[in-house]
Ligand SMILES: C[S@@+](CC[C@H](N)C(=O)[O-])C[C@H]1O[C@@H](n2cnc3c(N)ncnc32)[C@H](O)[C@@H]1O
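Quick setup: one chain, the form predicted alone, written in structure tokens, and binding and motion questions come after.
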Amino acid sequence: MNYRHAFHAGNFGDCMKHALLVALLRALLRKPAPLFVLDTHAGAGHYDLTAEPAQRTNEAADGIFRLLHDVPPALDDYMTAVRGLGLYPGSPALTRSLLREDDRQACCEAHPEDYAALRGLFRHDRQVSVHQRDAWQALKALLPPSQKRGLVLIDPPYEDPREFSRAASGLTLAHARFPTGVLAAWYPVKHRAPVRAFFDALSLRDVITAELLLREPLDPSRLNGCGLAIVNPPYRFEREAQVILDALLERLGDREPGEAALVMRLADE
């Protein structure tokens, strides 16, 4: 309840997460059947990077601001969406910008101020429902959707060390209730021990991870990288994700030891 993403909006973790989110949605949109998208930790929806919270940390300087000019082709779709939406878009705004008339979106946010902002953003939008509720309870309450296809994005703040375990449990629950959906969980990489435990806790089939590391993950006090674990990735997404990560690393990396762009398969189909 204390976490506010406004302090971190547009950082390298956002760029990685959102570029891959756009690619996942584009892959799902290749088929005409309607989609359902559930965003379990939706935040405020979009963020003013000139406002005090973002200026206080200035994390966007090493993230989205490095991508604004001379955009690599692999990031063009993501950056076109960012420019078209004005304020830096969180996952709810990015998702909504891509949905078709028959698609539906549900956003959950527990923090009262961010919930109010999110509700205001979509107050006249019949395709988007906004819920002030616990993310983990939402997986049980809002799944399965009437649509047979879709995406679940799980993006907790990881302020609590138990969040890795909750993310693994959340993916397992989402898969049990929505086995045909694409499921994605973002995670920080500070050091490897909690990430390995997270991987070990996933007893699902057809799982890949996409990671962007800006330095060797040895210092647990720093965000050294981040990843997205994806269950049921779309056809050819592994190849697409690698190209996107390579482009991000080229622009966001500082040639530090251990930096890498990795797509790994954790479990076969």
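All residue numbers are counted from 1 along the displayed sequence. Just so you know, these numbers come straight off a predicted model, no measurement behind them.
The same protein also exists as the form predicted in complex with the named molecule; that form is not shown, yet it is the one meant from here on.
In the model of the complex, the named molecule sits beyond 4.5 Å of every heavy atom of residue 144.
Contact check for residue 134: a non-hydrogen atom falls within 4.5 Å of the named molecule in the model of the complex. In the model of the complex, the named molecule sits within 4.5 Å of a heavy atom of residue 155. Although the partner is absent here, residue 111 sits close enough that one of its heavy atoms falls within 4.5 Å of the named molecule in the model of the complex. Residues placing heavy atoms within 4.5 Å of the named molecule in the model of the complex fall in a single listed stretch, namely 86-94, out of 174-182, 121-129, 86-94, 67-75. Highlighted residues 187, 215 and 222: none comes within 4.5 Å of the named molecule in the model of the complex, counting any heavy atom.
Contacts to the named molecule in the model of the complex (heavy atom within 4.5 Å) from stretch 13-51: 14, 17, 18, 39, 40, 41, 42, 43, 47.
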